[in-house]
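Take a look at this single chain in C-alpha coordinates; it is the form predicted alone.
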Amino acid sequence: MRIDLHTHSRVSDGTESPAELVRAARSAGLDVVALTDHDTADGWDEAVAAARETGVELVRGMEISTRYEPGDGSSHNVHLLAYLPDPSYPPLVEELTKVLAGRQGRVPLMLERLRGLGISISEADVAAASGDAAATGRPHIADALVTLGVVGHRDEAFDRYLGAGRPAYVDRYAAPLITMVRLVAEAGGVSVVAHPWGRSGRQRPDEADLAVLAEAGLRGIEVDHQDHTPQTRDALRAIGRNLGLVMTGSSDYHGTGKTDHDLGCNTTDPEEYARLLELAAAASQHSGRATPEVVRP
(Lines give C-alpha, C1' and ligand atoms only; values in the text may rest on other atoms or scores of the structure.)
Protein backbone atom coordinates (compact mmCIF):
# COMPACT_ATOMS: atom_id res chain seq x y z
CA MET A 1 0.00 0.00 0.00
CA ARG A 2 1.39 3.40 -1.05
CA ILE A 3 0.28 6.30 1.15
CA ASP A 4 1.02 10.03 0.66
CA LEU A 5 -0.33 12.22 3.45
CA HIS A 6 0.67 15.75 2.38
CA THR A 7 -0.46 17.33 -0.91
CA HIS A 8 -1.76 20.68 -2.14
CA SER A 9 -4.24 21.73 -4.81
CA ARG A 10 -4.78 25.14 -6.35
CA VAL A 11 -7.32 25.86 -3.61
CA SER A 12 -4.16 26.92 -1.76
CA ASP A 13 -0.84 27.02 -3.63
CA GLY A 14 -0.78 23.91 -5.81
CA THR A 15 -1.30 24.06 -9.56
CA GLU A 16 -4.01 21.39 -10.00
CA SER A 17 -7.63 21.29 -8.94
CA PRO A 18 -8.52 18.90 -6.11
CA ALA A 19 -10.04 16.49 -8.65
CA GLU A 20 -6.97 16.67 -10.88
CA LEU A 21 -4.74 16.02 -7.88
CA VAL A 22 -6.70 12.91 -6.88
CA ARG A 23 -6.57 11.59 -10.44
CA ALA A 24 -2.83 12.29 -10.51
CA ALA A 25 -2.49 10.30 -7.29
CA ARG A 26 -4.15 7.33 -8.96
CA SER A 27 -1.88 7.67 -11.99
CA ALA A 28 1.14 7.78 -9.65
CA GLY A 29 0.11 4.43 -8.15
CA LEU A 30 -1.00 5.78 -4.78
CA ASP A 31 -3.58 3.87 -2.79
CA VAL A 32 -4.13 6.66 -0.22
CA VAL A 33 -3.73 10.41 -0.54
CA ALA A 34 -4.41 13.26 1.89
CA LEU A 35 -5.44 16.67 0.61
CA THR A 36 -3.86 19.20 2.98
CA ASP A 37 -4.30 22.64 1.49
CA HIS A 38 -3.00 25.57 3.52
CA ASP A 39 -5.43 26.75 6.21
CA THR A 40 -8.60 25.67 4.40
CA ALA A 41 -10.99 22.79 3.78
CA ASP A 42 -12.46 24.39 0.65
CA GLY A 43 -11.18 21.67 -1.68
CA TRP A 44 -12.54 18.71 0.26
CA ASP A 45 -15.87 18.22 -1.53
CA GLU A 46 -14.33 18.18 -5.00
CA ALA A 47 -11.62 15.78 -3.83
CA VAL A 48 -14.23 13.45 -2.29
CA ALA A 49 -16.12 13.20 -5.58
CA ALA A 50 -12.89 12.42 -7.46
CA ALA A 51 -11.83 9.84 -4.88
CA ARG A 52 -15.11 7.98 -5.28
CA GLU A 53 -14.71 8.12 -9.05
CA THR A 54 -11.10 6.87 -9.11
CA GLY A 55 -11.05 4.48 -6.14
CA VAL A 56 -8.30 6.36 -4.30
CA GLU A 57 -8.63 6.38 -0.52
CA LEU A 58 -8.85 10.03 0.58
CA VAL A 59 -7.94 11.57 3.92
CA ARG A 60 -9.26 15.09 4.39
CA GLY A 61 -6.85 17.45 6.09
CA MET A 62 -5.19 20.85 6.03
CA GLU A 63 -1.79 22.37 6.71
CA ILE A 64 -2.03 25.18 9.25
CA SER A 65 0.46 28.04 9.58
CA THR A 66 1.56 28.38 13.20
CA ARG A 67 4.28 30.04 15.24
CA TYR A 68 6.09 28.34 18.11
CA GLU A 69 7.55 30.51 20.87
CA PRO A 70 9.09 28.16 23.44
CA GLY A 71 9.74 30.89 26.01
CA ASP A 72 13.47 31.34 25.42
CA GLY A 73 13.02 34.43 23.27
CA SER A 74 13.08 32.51 20.00
CA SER A 75 10.25 32.24 17.49
CA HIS A 76 9.81 29.48 14.91
CA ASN A 77 7.35 29.19 12.03
CA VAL A 78 5.91 25.67 12.12
CA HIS A 79 3.42 24.07 9.75
CA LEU A 80 0.92 21.76 11.41
CA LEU A 81 -0.89 19.04 9.46
CA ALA A 82 -4.41 18.50 10.79
CA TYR A 83 -6.14 15.30 9.72
CA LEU A 84 -9.91 14.72 9.84
CA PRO A 85 -10.93 17.64 12.09
CA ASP A 86 -14.43 19.08 12.06
CA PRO A 87 -13.83 22.16 9.87
CA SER A 88 -16.91 23.89 11.29
CA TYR A 89 -15.61 23.93 14.90
CA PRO A 90 -15.97 27.66 15.72
CA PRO A 91 -12.63 28.26 17.50
CA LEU A 92 -10.81 26.51 14.65
CA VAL A 93 -12.72 28.55 12.07
CA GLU A 94 -11.82 31.74 13.91
CA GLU A 95 -8.09 30.99 13.86
CA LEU A 96 -8.08 29.86 10.24
CA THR A 97 -9.91 33.04 9.24
CA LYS A 98 -7.21 35.12 10.91
CA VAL A 99 -4.44 33.13 9.22
CA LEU A 100 -6.02 33.50 5.78
CA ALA A 101 -6.59 37.22 6.35
CA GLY A 102 -2.91 37.53 7.21
CA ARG A 103 -1.95 35.81 3.96
CA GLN A 104 -4.21 38.09 1.94
CA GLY A 105 -3.35 41.25 3.83
CA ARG A 106 0.37 41.20 3.20
CA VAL A 107 0.07 40.91 -0.58
CA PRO A 108 -0.25 44.67 -1.25
CA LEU A 109 2.71 45.36 1.04
CA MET A 110 4.88 42.82 -0.75
CA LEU A 111 3.88 44.18 -4.15
CA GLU A 112 4.80 47.66 -2.98
CA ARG A 113 8.25 46.40 -2.00
CA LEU A 114 8.67 44.68 -5.36
CA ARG A 115 7.72 47.88 -7.18
CA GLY A 116 10.27 49.69 -5.02
CA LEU A 117 12.84 47.31 -6.50
CA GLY A 118 11.85 48.40 -9.98
CA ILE A 119 9.57 45.44 -10.77
CA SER A 120 6.29 46.35 -12.45
CA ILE A 121 3.70 44.07 -10.86
CA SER A 122 0.06 44.72 -9.96
CA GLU A 123 -2.61 43.08 -7.82
CA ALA A 124 -4.36 42.12 -11.06
CA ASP A 125 -1.26 40.16 -12.08
CA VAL A 126 -1.36 38.24 -8.81
CA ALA A 127 -5.14 37.71 -8.96
CA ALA A 128 -4.72 36.12 -12.38
CA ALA A 129 -2.20 33.71 -10.86
CA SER A 130 -4.22 32.84 -7.75
CA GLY A 131 -7.44 31.86 -9.52
CA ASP A 132 -9.87 30.18 -7.11
CA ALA A 133 -7.46 29.90 -4.17
CA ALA A 134 -8.97 30.41 -0.72
CA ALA A 135 -6.44 33.20 -0.13
CA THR A 136 -3.77 34.83 -2.23
CA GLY A 137 -0.24 34.36 -0.92
CA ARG A 138 3.46 34.35 -1.73
CA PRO A 139 3.32 31.43 -4.18
CA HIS A 140 0.83 33.36 -6.31
CA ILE A 141 3.08 36.43 -6.28
CA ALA A 142 5.87 34.08 -7.34
CA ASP A 143 3.74 32.72 -10.18
CA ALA A 144 2.97 36.26 -11.32
CA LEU A 145 6.69 37.04 -11.34
CA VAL A 146 7.25 33.97 -13.51
CA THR A 147 4.50 35.06 -15.92
CA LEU A 148 6.02 38.54 -16.10
CA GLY A 149 9.42 37.06 -16.93
CA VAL A 150 11.10 38.44 -13.82
CA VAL A 151 12.14 34.94 -12.64
CA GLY A 152 12.19 31.52 -14.18
CA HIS A 153 10.29 29.60 -11.49
CA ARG A 154 8.81 29.81 -8.01
CA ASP A 155 11.99 28.73 -6.25
CA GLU A 156 13.90 31.60 -7.80
CA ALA A 157 11.20 34.06 -6.75
CA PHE A 158 11.45 32.92 -3.14
CA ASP A 159 15.24 32.83 -3.17
CA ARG A 160 15.58 36.34 -4.64
CA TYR A 161 12.55 38.25 -3.36
CA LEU A 162 9.87 36.52 -1.29
CA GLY A 163 11.54 34.25 1.25
CA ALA A 164 12.15 35.30 4.86
CA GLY A 165 14.95 37.85 4.96
CA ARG A 166 14.57 38.69 1.26
CA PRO A 167 13.79 42.27 0.13
CA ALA A 168 10.06 41.82 -0.55
CA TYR A 169 9.25 39.63 2.46
CA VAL A 170 6.53 40.77 4.88
CA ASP A 171 5.63 38.81 8.01
CA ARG A 172 2.04 37.82 8.77
CA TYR A 173 -0.18 36.33 11.47
CA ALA A 174 0.34 32.67 12.35
CA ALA A 175 -1.64 30.85 15.02
CA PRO A 176 0.18 29.91 18.26
CA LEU A 177 1.33 26.32 17.79
CA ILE A 178 0.24 24.89 21.14
CA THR A 179 -3.13 26.62 20.83
CA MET A 180 -3.63 25.09 17.40
CA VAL A 181 -2.61 21.60 18.54
CA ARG A 182 -5.29 21.83 21.21
CA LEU A 183 -7.90 23.22 18.81
CA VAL A 184 -7.33 20.41 16.31
CA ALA A 185 -7.86 17.88 19.10
CA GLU A 186 -10.99 19.69 20.28
CA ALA A 187 -12.24 19.57 16.67
CA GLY A 188 -11.81 15.79 16.72
CA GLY A 189 -8.72 15.74 14.51
CA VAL A 190 -5.14 14.54 14.73
CA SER A 191 -2.16 16.88 14.40
CA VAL A 192 1.26 16.11 12.89
CA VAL A 193 4.15 18.58 12.64
CA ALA A 194 5.08 18.99 8.97
CA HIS A 195 8.75 18.88 7.84
CA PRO A 196 9.87 19.97 11.32
CA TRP A 197 13.58 20.41 10.54
CA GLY A 198 13.26 21.32 6.90
CA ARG A 199 13.45 24.77 5.42
CA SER A 200 14.89 26.75 8.33
CA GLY A 201 17.79 24.37 8.89
CA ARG A 202 17.25 24.74 12.65
CA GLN A 203 16.49 21.70 14.77
CA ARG A 204 13.45 23.28 16.39
CA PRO A 205 11.07 22.09 17.62
CA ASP A 206 13.55 19.72 19.24
CA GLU A 207 12.76 16.63 21.31
CA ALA A 208 12.01 18.65 24.45
CA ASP A 209 9.68 20.95 22.47
CA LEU A 210 7.94 17.98 20.86
CA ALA A 211 7.43 16.38 24.27
CA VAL A 212 5.64 19.55 25.43
CA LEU A 213 3.54 19.53 22.26
CA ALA A 214 2.70 15.86 22.75
CA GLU A 215 1.38 16.72 26.21
CA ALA A 216 -0.85 19.31 24.53
CA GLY A 217 -2.19 16.73 22.06
CA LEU A 218 0.32 16.46 19.20
CA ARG A 219 0.16 12.98 17.73
CA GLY A 220 2.83 12.79 15.04
CA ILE A 221 5.79 14.15 13.09
CA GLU A 222 6.49 14.08 9.38
CA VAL A 223 9.83 12.28 9.13
CA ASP A 224 10.31 11.35 5.48
CA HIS A 225 10.20 14.60 3.50
CA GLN A 226 12.31 15.97 0.66
CA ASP A 227 13.59 18.80 2.88
CA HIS A 228 15.07 16.28 5.36
CA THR A 229 18.49 14.73 4.88
CA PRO A 230 18.97 11.03 5.70
CA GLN A 231 20.63 12.07 8.98
CA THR A 232 17.70 14.33 9.85
CA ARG A 233 15.24 11.53 9.13
CA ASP A 234 17.14 9.15 11.40
CA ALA A 235 17.18 11.72 14.23
CA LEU A 236 13.47 12.49 13.88
CA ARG A 237 12.61 8.79 13.73
CA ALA A 238 14.46 8.27 17.00
CA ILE A 239 12.50 11.14 18.59
CA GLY A 240 9.26 9.69 17.26
CA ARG A 241 10.04 6.34 18.86
CA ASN A 242 11.04 7.98 22.15
CA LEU A 243 7.81 10.00 22.35
CA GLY A 244 5.48 7.41 20.84
CA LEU A 245 4.53 9.71 17.96
CA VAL A 246 3.14 8.57 14.63
CA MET A 247 5.82 8.99 11.96
CA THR A 248 4.67 9.89 8.47
CA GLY A 249 6.25 10.27 5.04
CA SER A 250 4.86 12.51 2.33
CA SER A 251 5.59 14.31 -0.92
CA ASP A 252 4.33 17.81 -0.07
CA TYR A 253 3.17 17.84 -3.67
CA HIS A 254 2.25 21.17 -5.30
CA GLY A 255 1.93 20.08 -8.94
CA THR A 256 4.33 22.13 -11.05
CA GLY A 257 4.58 24.70 -8.25
CA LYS A 258 7.33 22.84 -6.39
CA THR A 259 10.15 20.88 -7.97
CA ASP A 260 11.43 17.50 -6.69
CA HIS A 261 8.22 16.80 -4.74
CA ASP A 262 6.53 14.25 -6.99
CA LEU A 263 3.55 12.34 -5.69
CA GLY A 264 4.71 9.31 -3.72
CA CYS A 265 8.37 10.37 -3.54
CA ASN A 266 8.01 9.72 0.20
CA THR A 267 5.30 7.54 1.69
CA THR A 268 3.88 6.57 5.06
CA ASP A 269 4.25 3.06 6.42
CA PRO A 270 0.83 1.30 6.48
CA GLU A 271 1.24 0.50 10.19
CA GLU A 272 1.82 4.18 10.96
CA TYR A 273 -1.20 5.09 8.85
CA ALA A 274 -3.32 2.61 10.80
CA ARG A 275 -2.12 4.21 14.05
CA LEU A 276 -3.06 7.64 12.72
CA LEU A 277 -6.58 6.48 11.87
CA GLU A 278 -6.99 4.87 15.29
CA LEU A 279 -5.99 8.12 16.97
CA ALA A 280 -8.37 10.04 14.70
CA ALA A 281 -11.25 7.76 15.67
CA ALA A 282 -10.46 8.23 19.35
CA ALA A 283 -10.17 12.02 18.94
CA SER A 284 -13.49 12.15 17.11
CA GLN A 285 -15.26 10.16 19.81
CA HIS A 286 -13.70 12.20 22.62
CA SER A 287 -14.60 15.53 20.99
CA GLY A 288 -18.19 14.67 20.20
CA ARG A 289 -17.81 16.55 16.90
CA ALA A 290 -19.15 15.43 13.51
CA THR A 291 -15.77 14.73 11.94
CA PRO A 292 -15.18 13.64 8.34
CA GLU A 293 -14.57 10.00 7.60
CA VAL A 294 -11.86 8.59 5.38
CA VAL A 295 -13.27 8.15 1.86
CA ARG A 296 -12.64 4.53 0.95
CA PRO A 297 -13.13 2.74 -2.39
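Predicted, not measured: the structure shown is a model, and the values here were computed from it. When you see a residue number, it is the position in the sequence shown, counting from 1.
Same protein, other form: the form predicted in complex with a small molecule, not shown, and the subject of what follows.
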Margin query: Is it the case that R60, even though its partner is missing from this view, gets within 4.5 Å of the small molecule in the predicted bound form, heavy atoms only?
Written below: no
Margin query: Can you tell me if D224 lies within 4.5 angstroms of the small molecule in the predicted bound form, counting non-hydrogen atoms only?
Written below: no
Check: Is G188 close enough to the small molecule in the predicted bound form to count, meaning some heavy atom within 4.5 Å?
Finding: no
Notebook entry, point to check: Any of the heavy atoms of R103 lying within 4.5 Å of the small molecule in the predicted bound form?
Noted result: yes
Notebook entry, point to check: Considering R237, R26, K258, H228, which brings a non-hydrogen atom within 4.5 Å of the small molecule in the predicted bound form?
Noted result: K258
Notebook entry, point to check: In terms of non-hydrogen atoms within 4.5 angstroms, which of the given stretches 87-95, 68-76, 152-160, 215-223 touches the small molecule in the predicted bound form?
Noted result: 152-160
